[in-house]
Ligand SMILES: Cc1cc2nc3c(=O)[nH]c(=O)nc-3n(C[C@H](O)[C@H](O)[C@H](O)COP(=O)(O)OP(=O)(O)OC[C@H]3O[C@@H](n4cnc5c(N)ncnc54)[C@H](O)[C@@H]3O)c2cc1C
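Shown below, as structure tokens, is a lone chain in the form predicted alone; questions about how it binds or moves come after it.
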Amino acid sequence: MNIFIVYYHPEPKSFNGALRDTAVTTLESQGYTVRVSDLHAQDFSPISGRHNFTTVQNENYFKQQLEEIHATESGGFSEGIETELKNLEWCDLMIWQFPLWWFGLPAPLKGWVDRVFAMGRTYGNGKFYQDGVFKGKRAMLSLTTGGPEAAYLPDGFNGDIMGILRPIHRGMLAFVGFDVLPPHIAYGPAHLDDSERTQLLADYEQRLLKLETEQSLTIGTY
């Protein structure tokens, strides 16, 4: 199985970094091939523009989707975007590893979606959801939160975590055809002691060992 991890955290020694390292070590030990895009290390810019492309569809007016379609037809994506697109097309499973910031993705990861999920190449022309370009592939969010699990229950301080993640699960991953696995959430690691964080990493390792048999979420539950 080919696994593509898209990772963002500005501190390499963070708990997100530890989760990424656990994933790479565990998955490679099972004989899987793993690729990682470390968006912070790459200094990946979240800002879209003509620099996404080496081709020009309309030099007088920039419409990103039309430029994406043109680039798809003419091989006109910039080297960095083309690399990410090829990783998407190569993988059987994609994992996003990130801290939940302001109920969403950190800017570099959201910008990665804005720039890499290109019309014509990753969606469009009737290819959406169950008929999407990445039909048959799976995706999973692995994330950390600032607060405890109780804060993310339906009656919790921040509300239902699945409701918070729905725009990502459905509006990004499922939209382009991925089957979405239940998220893996490490709640409030900054407030835990070393032994508790070690246990969270062990829990993640155990889950990763069972990925091949894990069932995707049912559309309508996210």
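Since we're looking at a predicted model, the values are computed, not measured. Residue positions are given as counts along the sequence shown, with the first one as 1.
Separately, the form predicted in complex with the ligand exists; it is not shown, and the next lines address it.
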**Message:** Whether W101, D194 and L201 jointly form a contact site for the ligand in the predicted complex is the question; each needs a heavy atom within 4.5 Å.
**Reply:** yes
**Prompt:** Does A190 reach the ligand in the predicted complex if we count a contact as any heavy atom within 4.5 Å?
**Reply:** yes
**Request:** Please run the contact check for G146 against the ligand in the predicted complex: heavy atoms, 4.5 angstroms, yes or no?
**Result:** yes
**Request:** Although the ligand is absent from this view, report whether K210 comes within 4.5 Å of it in the predicted complex, heavy atoms only.
**Result:** no
**Message:** Within 4.5 Å, heavy atoms only: does H9 come near the ligand in the predicted complex?
**Reply:** yes
**Fill in**
Of F77, W96, Y123, Y152, the only residue with a heavy atom within 4.5 Å of the ligand in the predicted complex is Y152
**Residue stretch of 137-145, 68-76, 113-121, 81-89 approaching the ligand in the predicted complex, non-hydrogen atom distance within 4.5 Å** = 137-145
**Item:** Contact set, 14-32 vs the ligand in the predicted complex - heavy atom within 4.5 angstroms
**Value:** S14, F15, N16, A18
